[in-house]
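As structure tokens, one chain now follows by itself in the form predicted on its own.
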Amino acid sequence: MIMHNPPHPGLIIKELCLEPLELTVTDAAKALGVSRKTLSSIINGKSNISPEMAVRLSIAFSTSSESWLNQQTQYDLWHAEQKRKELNVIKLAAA
């Protein structure tokens, strides 16, 4: 089931991972082994969570990598569904 307007996973990282631990983006990026720019881009919803980032997040925050990718997929799918009527697709069916 598709969640209604799910938040970008970056917001989840910020609100449920960084803020409770009082981590700065710089400190979290260092712990994740990525640049501050990379993490900031995700937190600000400008970049998606890649499979590799999902694994990094799962290690750092003791979560599953699948949960991070599922959040990203739900976010992307909801936004794609909003443009459904704009897609010029012809329905195909077997005769």
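All values derive from a computational prediction rather than experimental measurement. Note that residue numbering follows the sequence shown and begins at 1.
If you look for the form predicted in complex with a further copy of the same chain, you will not find it shown, but the lines that follow are about it.
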Residue 22: touches a further copy of the same chain in the predicted bound form, heavy atom cutoff 4.5 angstroms: no
is_contact(residue 51, a further copy of the same chain) in the predicted bound form, heavy atom dist at most 4.5 Å: yes
Non-hydrogen atom contact residue 69 with a further copy of the same chain in the predicted bound form at 4.5 angstroms: yes
Proximity of residue 76 to a further copy of the same chain in the predicted bound form, heavy atoms at 4.5 Å: yes
Members of 58-85 lying within 4.5 angstroms of a further copy of the same chain, judged by heavy atom, in the predicted bound form: 58, 59, 60, 61, 62, 65, 66, 69, 70, 73, 74, 76, 77, 80, 81, 84
